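One chain comes next, on its own, written as structure tokens: the form predicted on its own.
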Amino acid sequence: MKRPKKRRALITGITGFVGSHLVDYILANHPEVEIYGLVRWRSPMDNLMHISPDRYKLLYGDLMDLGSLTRMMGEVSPEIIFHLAAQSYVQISFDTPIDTLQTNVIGTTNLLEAIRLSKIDPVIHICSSSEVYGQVREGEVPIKEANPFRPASPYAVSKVAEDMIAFQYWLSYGIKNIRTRMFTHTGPRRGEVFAESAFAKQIALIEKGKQEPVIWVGNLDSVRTFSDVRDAVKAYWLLVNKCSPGEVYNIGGNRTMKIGEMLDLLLDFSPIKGKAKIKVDPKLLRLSDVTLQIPDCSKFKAETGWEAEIPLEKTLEDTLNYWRKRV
């Protein structure tokens, strides 16, 4: 009796924050799936070190190299593609706008072209961003998928373009992609340039006497809706298995607060609370900021039944413990 053929999932950005957690989720919940990951020769492997390398396969290529992507599609013929690779740091996009646009827009277009040229028929998750909405008006909260785009950074502009080129490939070629606009998600392995992780790293350094008792911050008055990355990757799996190609979905957590309130929660897990000063670093303030991000996720929840389950307190404590081991 023949064994059933395993489904093949390809993850771009497999070595990143979300990509590595997606590998964890698939291995734990869907062992019948073969996992492939797109990497560059210089991709850091830290986020995958806890996983035996025989449980996934890395494929070397680059989003800027159409030939390498086309070859990869021919070799693997994935049924599912999670496109997570991106230049994802808003602040650095002001310093490197061209690189941000090339990576996120041209890179995504190359991926879609490789799929089209290879004549394969996968379901593709295109990871857009809540940043496409920019600074919304109070009457537009909670934010629906039909809300106008007002991108406030080169990163946000790149995500608008990525979002729209994916939609165009669905309309023109029937390439079965589904777009998400994920709101703030965090947890262990989050890059240190992002607020929650930056705060946690500084707290861990101060606890060990490796940094003066000062936590450097940006705008603490911005309002965000937080979710855990481990809830996010479960949402992404449900997306490619239950949602409709050509559609776009907001996804976000159920805890909304100011960045400063989130920092207070994080400090609750540390003996330095009340002993460290909080100071604004002008370099952490954006040239044009987005200060109100509260999503309407009813469309996604209605189609998948997904709910954010992990409390923000656990997310923050796990993030702090991650940095305590790292510093």
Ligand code: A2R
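These numbers come from a predicted model, not from an experiment. Position 1 is the first residue in the sequence shown; the rest follow in order.
The following text describes the form predicted together with the ligand, which does not appear among the structures shown.
Colleague: I'd like to know if D62 sits close to the ligand in the predicted bound form, meaning any non-hydrogen atom pair within 4.5 angstroms.
Modeller: Heavy-atom contact with the ligand at 4.5 Å: present for D62.
Colleague: Should S88 be classed as touching the ligand in the predicted bound form when contacts are defined as heavy atoms within 4.5 Å?
Modeller: Residue-level check for S88: yes, a contact with the ligand.
Colleague: Is there a heavy atom of V18 lying 4.5 Å or less from a heavy atom of the ligand in the predicted bound form?
Modeller: Answer yes; at least one heavy atom of V18 falls within 4.5 Å of the ligand in the predicted bound form.
Colleague: Flag Y249 as yes or no: does it have a non-hydrogen atom within 4.5 angstroms of any non-hydrogen atom of the ligand in the predicted bound form?
Modeller: Contact with the ligand, no.
Colleague: Can you work out which of S270, T291, S43, T70 has a heavy atom no more than 4.5 Å from the ligand in the predicted bound form?
Modeller: Contact residue from the list: S43.
Colleague: Consider the chain as shown here, without its partner, and state which of Y155, Y169, Y133, W237 has a heavy atom within 4.5 Å of the ligand in the predicted bound form.
Modeller: Selected option: Y155.
Colleague: Can you pick the stretch from 278-286, 34-42, 259-267, 293-301 whose heavy atoms fall within 4.5 Å of the ligand in the predicted bound form?
Modeller: Selected range: 34-42.
Colleague: Heavy atom within 4.5 Å of the ligand in the predicted bound form: which residues of 156-175 qualify?
Modeller: Only a single residue, K159, comes within 4.5 Å of the partner.
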